[in-house]
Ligand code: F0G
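Coming up is one lone chain in structure tokens, specifically the form predicted alone.
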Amino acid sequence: MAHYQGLIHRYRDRLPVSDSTPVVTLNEGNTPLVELQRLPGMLGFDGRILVKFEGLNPTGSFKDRGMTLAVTKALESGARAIICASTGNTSAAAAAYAARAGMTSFVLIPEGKIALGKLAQAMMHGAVVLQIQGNFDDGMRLVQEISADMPVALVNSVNPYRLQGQKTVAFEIVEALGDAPDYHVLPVGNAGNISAHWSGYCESTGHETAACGHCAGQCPYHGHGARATRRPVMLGYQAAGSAPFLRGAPVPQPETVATAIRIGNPMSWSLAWAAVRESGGWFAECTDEEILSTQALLARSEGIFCEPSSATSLAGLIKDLRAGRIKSGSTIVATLTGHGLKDPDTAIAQSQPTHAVAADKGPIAELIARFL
């Protein structure tokens, strides 16, 4: 088997790169598509539910898919530094890929509003971390202004190369299943990911779509690899305290335990709406309690540990299954955007406590017997 070298190498003919492009990669992509074995039965669902576990990318989230291409193109253009606003995962990916490229990275994060696992990543990769007294939306405004005036490349999802990299997740799913699923469900924060997924599915069927506007016709499907015969219904789920798509307008002060989607003014607003409308899908919302209980349910029933924002995709799906909105016998793919180790404090807070016990067989056996 040939050595896997990352998604740009794998999908070079479907991405805006040339033979001379200096590829910056950490061998991202090629993440597992895991079929859930116990949860469908627990929900009384007679179809298939699979999760695309993007938490197994190099920095632990789907952001690596877009960042490999964004940083590659920044390096190709001669940029020496990159900048982003982030709720955590983007900063981790930007810092890692900048380090790989020998570039400086500047990341703006909301003070006190970032999971420590993500902050640790950005710091260890050498990013210049700027904690602002504001939220992600404030940071996004600032990095757009700064990148317009200074020689730093902006690598948030307003950068079209980010979404071009992220669309490859749909290619991998089609290749694994032999076709597109009936439904694809995702958490929605800044909304670039649902747009990118839809773009990838559309390319895999040869469709042109408004949601693919960011590629400007430069990246058509060339017929290599698996080709889908259909496109899935796209379902986007938001946290109730940070749900601008459900409110119909930006949310000034978004709040949710799912920090990765604590975004009140999504940059990919129009593209996300296009993806949902063109696919016949919808947006819905989940409470923090529903998100956390689903995170625990997935970990304890299937052995898959995702961060709270990722669990939003399954929390919303569970609600829609119970409401009868999903067709019986369907094949459903849920994107799990980040690994649970990104936010260990939240995981520990909702888990059973550890047990202090003497280093002696008797009390240990007695404790074990209580759980049998």
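Keep in mind it's a predicted model, so treat the numbers as computed, not measured. Numbering starts at 1 and follows the sequence shown.
Below: the form predicted together with this ligand, not depicted.
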TODO: Would you point out which of 316-324, 22-30, 42-50, 60-68 contains residues with a non-hydrogen atom within 4.5 Å of this ligand in the predicted complex?
DONE: 60-68
Task: Answer option from C286, I261, M234, A115, heavy atom within 4.5 Å of this ligand in the predicted complex - done: I261
Task: Heavy atom within 4.5 Å of this ligand in the predicted complex - the one residue of A275, A85, A98, A239 that qualifies - done: A85
Task: Proximity of P187 to this ligand in the predicted complex, heavy atoms at 4.5 Å - done: yes
- [ ] Would you check, heavy atoms only and a 4.5 Å threshold, whether Y201 touches this ligand in the predicted complex?
- [x] no
Open item on the list: I'd like to know whether P181 contacts this ligand in the predicted complex, with contact meaning heavy atoms within 4.5 angstroms.
Closed with: no
- [ ] Using a 4.5 Å heavy atom cut-off, state whether A191 contacts this ligand in the predicted complex.
- [x] yes
TODO: Enumerate the residues of 288-315 that have a non-hydrogen atom within 4.5 Å of this ligand in the predicted complex, in sequence order, or give none.
DONE: E307, S309, S310
